[in-house]
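Quick setup: one chain, the form predicted alone, written in structure tokens, and binding and motion questions come after.
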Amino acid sequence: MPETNYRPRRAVLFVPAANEKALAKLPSLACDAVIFDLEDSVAPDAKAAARERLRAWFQARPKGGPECIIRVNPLASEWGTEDLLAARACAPDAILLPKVDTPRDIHDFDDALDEADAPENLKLWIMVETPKAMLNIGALAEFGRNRAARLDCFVAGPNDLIKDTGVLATPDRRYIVPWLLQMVLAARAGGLDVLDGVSNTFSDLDAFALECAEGAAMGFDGKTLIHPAQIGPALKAFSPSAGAVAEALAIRAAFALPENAAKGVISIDGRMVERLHLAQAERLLARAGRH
């Protein structure tokens, strides 16, 4: 994605599409993106009403505002087709597909979007939340390099991975960190964004802030949230610090000097700086809104 078109995804809030009160609060929230959920957080007997409530919200959607994503049920489920049609009609920025196991799942959903005459700029996000997805993560990420594909972002689903594997859930996430790092590595190989999974204990904001800081250190672009109180800590953790911005500006300014135009390596304050560091600096500045 061109850096000039960079959209921050530091704080991405899940909102149940059936929760009218939560939907009404969205204009007052400072999150970067909203995932309207038709899947896990909506009971089977409430899914039809949730779709209608979602259609109404998008019809009145204000201009600007956060990026809007709709999480549908899997296409093979009894709700999948209706969810897809409703999401297509709402014209969100992206659709989030859960329970992805193999590249075939992405192929099939891409085909369904094409059959629904979805616009080319409608992006696809996928949940990485099953053991099969982890085993196939490299092949899934390859869709990010295919210009004909819509894949734009991975979303970690640690709760489902923990449930399906029996791994012990600990506050420091020590037993799932290798999987989280693998998601980041695969996403970068595919040129995708990748979001850390939700933290279930929203009442302890200090613990949540620490988890955000660790997610940022692992290389995630942002974090998915389940409560508005988590927005502030996530924005802070996944925003570049003032010192990092200053360093990136210095790197960009140094490479912009005429005498450095053809150089692959330069020295800044006694430190060797390569063009790969310039690329990192440009991405950081885009994240900070300093294009």
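Numbering starts at 1 and runs along the sequence shown. Keep in mind it's a predicted model, so treat the numbers as computed, not measured.
Keep in mind that the form predicted together with a small molecule is not shown, yet the notes after this line are about it.
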State yes or no: in the model of the complex, is some non-hydrogen atom of residue 254 no more than 4.5 angstroms from a non-hydrogen atom of the small molecule? no
Report yes if any heavy atom of residue 84 sits within 4.5 Å of a heavy atom of the small molecule in the model of the complex; otherwise report no. no
If we define contact as a non-hydrogen atom of the residue within 4.5 angstroms of the partner, is residue 66 a contact of the small molecule in the model of the complex? no
Heavy atoms within 4.5 Å of the small molecule in the model of the complex: does residue 273 have any? no
Interface segment, criterion being heavy atoms within 4.5 Å of the small molecule in the model of the complex, picked from 258-266, 238-246, 50-58, 225-233: 225-233
